[in-house]
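Next up: a single chain in structure tokens, the form predicted on its own.
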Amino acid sequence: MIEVVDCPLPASFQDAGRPGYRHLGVPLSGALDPQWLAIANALAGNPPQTVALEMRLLGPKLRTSTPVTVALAGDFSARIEDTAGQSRPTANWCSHVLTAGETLCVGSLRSGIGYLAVGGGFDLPPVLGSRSTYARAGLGGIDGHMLRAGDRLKVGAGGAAISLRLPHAPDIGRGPIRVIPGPQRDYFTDAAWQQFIGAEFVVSREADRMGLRLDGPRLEHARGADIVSDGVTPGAIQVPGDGRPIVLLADCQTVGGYPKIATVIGADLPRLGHALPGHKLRFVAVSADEALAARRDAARRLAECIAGMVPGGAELDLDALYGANLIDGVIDAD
């Protein structure tokens, strides 16, 4: 068991989400950055889509009652305290073996979001095929709520007492966010489209797992700001009547009545999961073929990243590592 000693800011359990239920009004949810989720699980000796803890800004303090392997994917300030009160720093992009009674203290996150995986995964009941927390509807995780002090987490079977690390931190990506024109592009003036792909936007304080509202030039509608509500997905960029774009993320609603000027391509959507208030963004238009090529390239780079893991300590169970089937399901981008 793992006891949550403290959790100063919201953290949630996330896996690949619950696809296939949008017709019932159930959002996808799942990790904001599926690639970093896969890396955290690979470091812990798990399959890539095993449920892990997604954290933002500041992490929790966790005490284990049994030996457990934990892996940190992200830029953390963290340390491990032993039963005598002595502490040692923990490296990022690495797995660590905690003995019974030790406490992992996760401090500030400099990477926007980060993931904590445990060997064997967190033993949580699936809800509609996923263990992802969707707190607005009380689905998944621990009784549908965000992590809080006093929670007790059972670790699943499997995994191994291993220590692995990445030689280099993965690159989140730089440059403009790539988009393809949205289904209601014709609801906006040509001048608004040129502003959208040419101007700089800033992530406002209205930013969470549901979406990011952007500050910047107001985008002018050519045919009004309302449409008959239709389906929306993560990555869609809605523009309501005030002209301020809203980029939808993993916990977004399933339908919406605002026109969508563009859609963020899948390869770049994880970058927006790391965006915090004050973060500056630019957009650039690409073709559907370019979007598919970017997705395949992202999958290739992820596979190479995982394949490049090296031993991080003395303990390494190669049979368990190879048996975890780390890359299967990650590189199929079509």
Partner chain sequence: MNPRLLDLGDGALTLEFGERIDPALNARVMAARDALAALKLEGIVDVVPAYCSLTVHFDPLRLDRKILAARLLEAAQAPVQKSAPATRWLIPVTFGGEFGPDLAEVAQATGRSEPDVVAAICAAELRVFLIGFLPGFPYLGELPAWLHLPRRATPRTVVPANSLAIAGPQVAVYPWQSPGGWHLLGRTPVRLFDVADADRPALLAPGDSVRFKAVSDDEFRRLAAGVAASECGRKDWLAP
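Numbering follows the first chain given and starts at 1. Computed from a predicted model, the values in this text were never measured in an experiment.
This next part talks about the form predicted together with the partner chain, which is not shown.
> Find out whether any non-hydrogen atom of Gly231 is located within 4.5 angstroms of the partner chain in the predicted bound form, and reply yes or no.
Result yes; Gly231 sits at the interface with the partner chain in the predicted bound form.
> Since only the chain is shown here, I'm wondering whether Leu24 would be in contact with the partner chain in the predicted bound form (any heavy atom pair within 4.5 Å).
Yes, contact at 4.5 Å.
> Report whether the minimum heavy atom distance between Lys260 and the partner chain in the predicted bound form is within 4.5 Å.
Contact with the partner chain, yes.
> Would you check, heavy atoms only and a 4.5 Å threshold, whether Arg295 touches the partner chain in the predicted bound form?
Residue-level check for Arg295: yes, a contact with the partner chain.
> Looking at 29 to 37, 46 to 54, 282 to 290, 304 to 312, which lies within 4.5 angstroms of the partner chain in the predicted bound form, counting heavy atoms?
That would be 282 to 290.
> From the list Gln184, Gln195, Ser163, Ser111, which entry has a heavy atom within 4.5 Å of the partner chain in the predicted bound form?
Of the listed residues, the single hit is Gln184.
> Between Ile180, Ala191, Val202, Ala149, only one gets a heavy atom within 4.5 angstroms of the partner chain in the predicted bound form; which residue is that?
Spelling it out, the residue with a heavy atom inside the cut-off is Ile180.
> Pull the contact list for 191 to 225: residues with a heavy atom within 4.5 Å of the partner chain in the predicted bound form, in sequence order.
The stretch touches the partner through Arg223 alone.
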